[in-house]
Ligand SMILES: NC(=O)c1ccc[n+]([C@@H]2O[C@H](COP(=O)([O-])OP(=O)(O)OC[C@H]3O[C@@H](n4cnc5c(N)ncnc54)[C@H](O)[C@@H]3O)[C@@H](O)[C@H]2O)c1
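Next up is one chain by itself, shown in structure tokens, the form predicted on its own.
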Amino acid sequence: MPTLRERLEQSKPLSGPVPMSALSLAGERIMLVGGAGFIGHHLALGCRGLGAEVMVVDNLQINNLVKLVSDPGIEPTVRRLHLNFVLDRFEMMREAGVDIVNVDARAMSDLTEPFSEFAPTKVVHLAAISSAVIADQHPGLAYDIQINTLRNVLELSRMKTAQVGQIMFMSSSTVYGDFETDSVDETVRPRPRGVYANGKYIGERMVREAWRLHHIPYTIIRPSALYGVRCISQRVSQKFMENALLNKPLYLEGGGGGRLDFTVIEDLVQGMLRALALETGLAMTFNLTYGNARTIAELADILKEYVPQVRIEERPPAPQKPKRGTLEIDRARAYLGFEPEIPLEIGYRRYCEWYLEEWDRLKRN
């Protein structure tokens, strides 16, 4: 078995563009751990579209059904709307032929049975608290969900190394910490701050050690500032829209000058599907973003086109939030043929129009 350095040396950039229509996952059995969430259900549909058999494993507790029906702090209209989004996820996955298994992957005993029965050839680890703010408030739960589920995935994969050909780990751009320059690539040494970012970096270290010790191939994905339809993960794009519709102010920390590499979910999934299908990055880390950071104020300006009466208030910068910027995507372009297609001006306008339609439909009913 080649070492990590030898494997990287064997990995070669693509000789030319590979269209999505040329990709196939036929014959693959892909398990998505924590796959009933925002990223997971989109990825599940994409994998099915490329011919893979797909199983989603999820306990439905984090940003999902259990949270929505049990949390008394959720505004009633938002609760009903989020329930609609989650039910739409399940209906779309069922119609696409995705197997959905309700188990808690933190428990080895729970995960072992579906892992054995489904016999995945690839596993995508998505289980996490997706909000850095909430992770800091509940560090024990955040580490439990992030690290214990990944430990179980790696242990089960270790016992099936002839079967499992790839572990894909969903990391985060937050592992870079404060950007010292306007942009970063994958060679920049991570300096994570906070529970969420450190949990992600620990996960990266775990999958790299699994390669070193047990030769389990891996792909690490670092996305940034995701947005898109059926998201209920409290990302800024979603929170701005909901606050505007509930007549709550939008808080622009530091005047809204903070920059994020906003990425629509369709572009992220395109890159992930390429990494799963092309198998050129089986021991590599990829930034998968739009590759052009924009200010929070620019996001708010787009929203104001759809909700003109929105109130905007400036707040001092939040010291716990790292300074961010652009994530360079040259490696993903070279090895995966990744090319993001939807800029913020188009993607967020589509999102606003979709959300307003869903809001109006709920009000009518």
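Quick note: we count residues from 1 along the sequence shown, nothing fancier. Everything quoted here is computed from the prediction, not taken from an experiment.
Separately, the form predicted together with this ligand exists; it is not shown, and the next lines address it.
- This chain is drawn without this ligand; in the predicted bound form, the residue among Ser171, Thr219, Asn287, Ser157 with a heavy atom within 4.5 Å of it is Ser171.
- In the predicted bound form, every residue of the candidate spot (Gly40, Ala127 and Leu226) has a heavy atom lying within 4.5 Å of this ligand.
- Screening 128-136, 291-299, 186-194, 244-252 for residues having heavy atoms within 4.5 Å of this ligand in the predicted bound form returns a single hit, 128-136.
- Although the partner is absent here, Ala36 lies within 4.5 Å of this ligand in the predicted bound form, judged by heavy atoms.
- Within 4.5 Å of any heavy atom of this ligand in the predicted bound form lies no heavy atom of Met55.
- By the criterion of a heavy atom within 4.5 Å, Asn64 is counted among the residues contacting this ligand in the predicted bound form.
- The closest non-hydrogen atom of Ser233 lies within 4.5 Å of this ligand in the predicted bound form.
- Taking this ligand as positioned in the predicted bound form, the residues of 139-166 that bring a heavy atom within 4.5 Å of it are, in sequence order, Ile145, Thr149.
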